[in-house]
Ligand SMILES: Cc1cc2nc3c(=O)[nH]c(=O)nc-3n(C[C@H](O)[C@H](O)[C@H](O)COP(=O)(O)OP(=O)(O)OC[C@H]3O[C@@H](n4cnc5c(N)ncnc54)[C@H](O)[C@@H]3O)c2cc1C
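Below sits a lone chain in structure tokens, taken as the form predicted alone.
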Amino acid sequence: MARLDGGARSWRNWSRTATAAAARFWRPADADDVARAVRWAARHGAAVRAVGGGHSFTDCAVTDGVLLNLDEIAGVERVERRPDGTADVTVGAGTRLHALNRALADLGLAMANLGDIDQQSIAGAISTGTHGTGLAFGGLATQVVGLRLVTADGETREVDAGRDPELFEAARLGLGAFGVLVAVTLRAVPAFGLLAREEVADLDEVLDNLDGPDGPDGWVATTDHVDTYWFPHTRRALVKRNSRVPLADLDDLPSLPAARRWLDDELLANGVFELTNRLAAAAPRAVPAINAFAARALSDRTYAAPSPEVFASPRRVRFREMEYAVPREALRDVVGELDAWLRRTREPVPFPVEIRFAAADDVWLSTAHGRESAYVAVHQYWRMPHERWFDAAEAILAGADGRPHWGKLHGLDAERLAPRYPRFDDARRVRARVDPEGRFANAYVDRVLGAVGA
């Protein structure tokens, strides 16, 4: 039976940018429990939101009504092998990505692409538009081929490209506004390895090489996955280029010794980085010197490992983040404008700016809908003010026809977002059909999608 006996409870997200004081905090065990919770909320006029790993930086999950924690709706439910070696894998919506990666590996499978954090639930990751990097690959929502969700009428529905395709298109990246996801069916691929090359280079050299002199011969076009971290107030950047290799080849490729992994990923990338950020918070004027030191402390490395071990990195230093998807061809200009603003203002920003890429897709509310995209993410240490930096970056990125990541901080509303998404009105129409009373609404959803019936 469900644990639907939880009373009022406060909740806070990982970045400490959003809190909720929910009248009921429930941990459903299955779809029937979720349906019971939704029907209870309807009788009492309460809103319903679901929460996973809490890694959204926005108030997307916040409610003063019923907050559902989906952690118990987890694990692999069904595997359907396909002749081409892929498989359709149905998992509970609360399954954390790191657990999903292990389960898929046991089946000889993997996600085709992943982001660089694996602490989210699969439902939260797809619902907010989590993506990785690679011009031949879309975000996580593009790997979804079916959903099971509980809608506002308390009914459980199975949707896919053939069954209520409009609800499927809206809900697979839908901010939880179309129902509570209880299961997700993913198109998994045969497990593969990645050969990772990480190098520190001059920023201008990096920008020159990302697309190359003529475009087709640059790193983005010739490498499966490219990720760049540029240190503000410097001209230095760390470039990660990951190439897909068969698992069988890993034994013949360089591995990363455990001691080196601990040194780089735990001591330097987390322990020392936490200390330098605390120093930056205490002495903001020292940030340019701190960043110069951090950039010099990085070293090149090459290694190979199963894909999830390369895609995801431990992130133990708490931060705030805003990210925009801009047309790929706008990247160099927006980076130049960000650099110019930082140099002009000397704003203390000790966190790197991250640059990634994604293929065009057809998911209605995807930030890469209809165009190849460059993602530019700006960060700030959580103990330091972020507003001035984020406001300036947003003016630059939104001004380049950028689309904000739905799970990261931004200031756009439905009026400004609608012209950026060709299927925005279709999503609103489906929302009005399946949730006419706004059972799954909250302040964030109403801001970015508009209130139901408005």
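For clarity, every value in this text was computed on a predicted model and none was experimentally measured. In case it trips you up, residue 1 is the first one in the sequence shown, and so on.
This protein has a second form, the form predicted together with this ligand, left out of what is shown; the following refers to that one.
* To do: Answer yes if any heavy atom of A123 is within 4.5 Å of a heavy atom of this ligand in the predicted complex; otherwise answer no.
  => Contact with this ligand, yes.
* Would P288 sit within 4.5 Å of this ligand in the predicted complex, counting heavy atoms only? -> P288: no, not in contact with this ligand in the predicted complex.
* **Residue contact check: R163 to this ligand in the predicted complex, 4.5 Å heavy atom** => Answer no; every heavy atom of R163 is more than 4.5 Å from this ligand in the predicted complex.
* Answer with yes or no whether D88 is in contact with this ligand in the predicted complex, where contact means some heavy atom within 4.5 Å. => Flag for D88 set to no.
* Asked: Just one of T228, S373, S366, T130 has a heavy atom within 4.5 angstroms of this ligand in the predicted complex, so which one?
  -> It is T130.
* Does every residue of G134, F192 and A305 put a non-hydrogen atom within 4.5 angstroms of this ligand in the predicted complex? -> Spot residues vs this ligand: no contact at all.
* Asked: Exactly one stretch in 400 to 408, 37 to 45, 22 to 30, 424 to 432 has heavy atoms within 4.5 Å of this ligand in the predicted complex; which is it?
  -> In the other structure, the partner sits against 400 to 408.
* **this ligand in the predicted complex - contacting residues of 178 to 194, heavy atom within 4.5 Å** => Heavy-atom contacts to this ligand in the predicted complex: G179, V180, L181.
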